[in-house]
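First structure 1, then structure 2: two forms of the same chain, each alone, as structure tokens.
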Structure 1
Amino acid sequence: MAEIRIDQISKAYGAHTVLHDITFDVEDGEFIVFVGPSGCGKTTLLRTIAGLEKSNLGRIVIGGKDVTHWPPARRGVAMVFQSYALYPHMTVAQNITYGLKVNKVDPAEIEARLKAAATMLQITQLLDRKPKELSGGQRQRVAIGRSIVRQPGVFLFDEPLSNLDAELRVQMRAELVALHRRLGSTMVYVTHDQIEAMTMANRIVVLRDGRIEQIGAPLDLYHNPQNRFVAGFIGSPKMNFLSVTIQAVSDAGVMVELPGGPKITVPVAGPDLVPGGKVELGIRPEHLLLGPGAGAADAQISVTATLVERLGGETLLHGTTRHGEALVVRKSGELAAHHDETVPVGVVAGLCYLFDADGRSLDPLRPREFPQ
């Protein structure tokens, strides 16, 4: 049993505060991902859980025990480092078992755990090699093996896939998810890659400037971002943002004028909004309509294509609105449009988001109906 409670953690380096009053719980067996741009504090938070950094304020409780002032080794956590941090002067087998030896685990037990881990990670044939004789992916497996044999309640991963090439990253991603299913341990994973976060997490913690922006299941963040930052960070290609002027506020929602004149009523509550004010309209590339379907939308805007990326299964159209704002449209399948062509793009009011001047997402009047 190893649930984690992060309780009002704050951390500063001198005058520079890197974590502001962070509070949340991780359930036992959960795969939780910290995501955010570099410098957002996600690695510092992970290292604080590991005990490699001391927080200035707050408590960390792991498995019901207040470990705030405990050394790393006593916390029952294992960590996989971005650089793998394998001991260069030891063989793979020694790397994996060193912690157990130091902690005077019975040799027969060590051998059994080593075998089990090596088999699970398919590194049995590498056990006598030194780290420098291994490829990046193999080193990664050894680092994971070193954490598995300790049988920790909590696994901590610090951007473990960032040094691997794209193909291997996808493969290791799947393996880590499988590993989590198999072990059922609590896993905390740090990444700046929102795709890793979306594909692996039970829940995602989005951090920015040392503050939690939002916590939620991947699709919850995707569908209901609480603010402009989360809306822009989750999803690829990222959400489009257009600056629009409020025309009217009614029970039906907020009417805004799109670039080029068309007006749509976005079904969100805007009690504090007044006509003439500015808000930001967000719409995901995959929710904009292109081609024959565009006419059926609530409104159309003209977009001049600057780049058409044909990926086979889908097409990405990069363009600009009449106001010169950049826009990306994603369409499944292929598209005949070409560079410099102006095409009509359909906007569905029910799939739009509005963000007020503080970047907060305005509450929808009814749940959004996303295309299946």
Structure 2
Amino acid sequence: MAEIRIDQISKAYGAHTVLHDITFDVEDGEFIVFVGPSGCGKTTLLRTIAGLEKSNLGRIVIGGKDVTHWPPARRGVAMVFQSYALYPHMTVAQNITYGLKVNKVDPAEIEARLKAAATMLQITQLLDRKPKELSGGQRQRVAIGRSIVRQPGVFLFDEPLSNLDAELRVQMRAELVALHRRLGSTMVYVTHDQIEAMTMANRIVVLRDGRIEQIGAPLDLYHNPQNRFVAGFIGSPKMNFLSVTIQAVSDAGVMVELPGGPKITVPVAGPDLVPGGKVELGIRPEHLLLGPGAGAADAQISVTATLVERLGGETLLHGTTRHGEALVVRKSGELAAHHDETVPVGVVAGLCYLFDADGRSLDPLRPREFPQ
């Protein structure tokens, strides 16, 4: 068993605290991803699990054993870094098996583990090559193979794909997910790329300023963000935000005035809100309506196009409202719109979010029905 318990971990460098009372569990065999902006503490947390950093408070439990004060070698973890950290003078086979030889594992066992890892990662034909003869993706597979042969209980990945080009990143994402399914091992993965997090994780831990903002399955975070930060961080393009004025609060929800004057009632609970107050309305780019469908929405706002990105299967319209607030609309297929053109954009009240002055998401009165 390789479950991980993070119990009230805090970490400071002098007077600067980088982790604040972090507590959560990673289930055995789970693929969990730490995501957040630069400086949020995600790599420090990963290195604390590995034993490369010492926490000031709290404890780390792996497989039921308190490893807080154990050195990295005793924790049963293997780490894959952003840099491949391969020995340039060694072959692929030598790089993969070096740690086993240092630990005096039986040669027959080393050969069996090497063969199994190379077959799994499809690098059997590369075993006699040196790192300089490999592509970036092949080097990353070697680094992963070096971890696999150790047969750890936990794999720790520190932004392993950030040095690869876009096409290779997509390929390696799929390979890592497939590897996780084959091994069934516990994997903890750090990235600043929320698309990686959404496509790979069983659960995501969203961090900001050394604190956990929300933990959940990818689509749960996407559809049910607890606050404005998570709503804006998860999703690409990110959620649109408009400053709106409260008109009324009732059992049906909160009525707000959109830019340009139209009013909609968002079906959320607002017991502490009062007319005249300010809140932020959030709506995903794909939930805004363009073209003939805009007229069927609960309200329309005028948006002046500043950029139209025609991507083939979809179009992204970037624009501004009458109040100068930026807005992005995603539409499948093509869109006949041009720079500086003003177009009507439809808003569906049931797909909107409201965030109070503290950035907290107001609870929906009924489950949102998202388009299929």
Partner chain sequence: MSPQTADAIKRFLHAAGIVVVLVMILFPLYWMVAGSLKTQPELFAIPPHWTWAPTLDAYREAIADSGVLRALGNSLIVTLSAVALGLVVGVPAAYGIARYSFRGRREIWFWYVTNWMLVPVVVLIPFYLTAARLHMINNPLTLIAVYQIFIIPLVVWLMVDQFRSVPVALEEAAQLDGLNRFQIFLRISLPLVTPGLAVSAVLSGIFAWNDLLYAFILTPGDEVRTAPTIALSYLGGYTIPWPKVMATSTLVTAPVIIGGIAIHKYVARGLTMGAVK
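Just so we're on the same page, rigid core means the largest C-alpha set that superposes within 1.5 Å between forms. These figures come from a predicted structure and were not determined experimentally. All residue numbers here refer to structure 1's sequence, counted from 1.
In this comparison the chain labelled structure 1 is the form predicted in complex with its partner chain, and the other chain is not. With the core held fixed, the Cα of Arg129 is displaced between structures 1 and 2 by 2 Å or more.
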